[in-house]
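Just one chain follows, in the form predicted on its own, and it is written as structure tokens.
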């Protein structure tokens, strides 16, 4: 077990139970004491928490590369060795572009995703998402209780992204297990992280080979048909992008939906406003994204640099704590209060700069639809026991166990 944290500015621990459960006062403390916190834990990293600093660093792509976006580089213990990767994985392990690429590759890699994830094309999946939400609610509404995370939030994004990619929706549980193994549980367990990544790469490679033999009407087929400067997109690149879409399309959005349900379960006044004033929903989604931003990404320091008087050596890792930036009182009035009709809300929950999330329109649609349908069917719900709610943290923060009840 890791040693307790005694100094959050010089020895923070993003996996400590205290930080995972309630990071907000810790961010306030760091923000008030120094621009960049530092730790040697989990491979070592630096962490800004102020909005201005996150904004500036995200846009400085020369000094802060995206070649490695994982927040922890936990290596095997002495005497432990990772399994050798199959040749296919070694050959095709090109990361997860565009999120792990820098220009010039990033420029065309991100462009490939903009149209499929545009507002217009994402809207084509809205009715399907509504039907899915209602199917999920049908399964538990008569019971008077459900797990808002497991039975609802976690079930929606995997099925929607599976529909877009044309992969089996009935493998949702498997996809969830792989993604948690890579991005959540695997962050501190290198063997699990490797095994999970390998499973995703090999599954996606099989799907790509099937599309090459028999093209379909899905995003994988579409990516394989794309060209860059007159040449087909390399198959290895398509594989890396499919890896990204499965991982990012699942974990981040289910965490956002889960956090929104967690908030609404404890704030009947906000549920009432959204039911009586449905026109507030777009603003409410932005506010919930601000208040409960799920994602912290990392940047690799490409050369010795200095920021705000803090020297940061080449090869270091900087944690892009966008959730902390969105609680900065210098930018957001009453930052710890959820104000559904907040007038000024320049949140950076989806990042900022060239690496701003290309899937933000899909995430917004899934959040909006899932909350609307839940409030239509179950307008009055609450946490069964706030003390049993569990959270995941580190790279993506969101509730994992969250019993809710209604009708009593």
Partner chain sequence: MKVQKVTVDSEKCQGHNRCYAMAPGMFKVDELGYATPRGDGVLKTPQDVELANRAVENCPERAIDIVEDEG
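Numbering follows the first chain given and starts at 1. These figures come from a predicted structure and were not determined experimentally.
This next part talks about the form predicted together with the partner chain, which is not shown.
Of the residues 44, 32, 379, 346, just one reaches the partner chain in the predicted bound form with a heavy atom at 4.5 Å or closer; this is 346. At a distance threshold of 4.5 angstroms between non-hydrogen atoms, residue 147 is out of contact with the partner chain in the predicted bound form.
Within 4.5 Å of any heavy atom of the partner chain in the predicted bound form lies no heavy atom of residue 368.
Heavy atoms of residue 337 never reach within 4.5 Å of the partner chain in the predicted bound form, leaving it off the interface. Taking the partner from the other structure, the partner chain in the predicted bound form has no heavy atom within 4.5 Å of any heavy atom of residue 275. With the partner chain omitted here, the record of contacts in the predicted bound form names 115-123 of 139-147, 180-188, 115-123, 205-213, defined by a heavy atom within 4.5 Å. In the predicted bound form, no residue of the candidate spot (23, 38 and 395) has a heavy atom lying within 4.5 Å of the partner chain. Heavy atoms closer than or equal to 4.5 Å to the partner chain in the predicted bound form belong, across 349-369, to the residues 351, 352, 353, 354, 356, 361, 364, ordered by sequence position.
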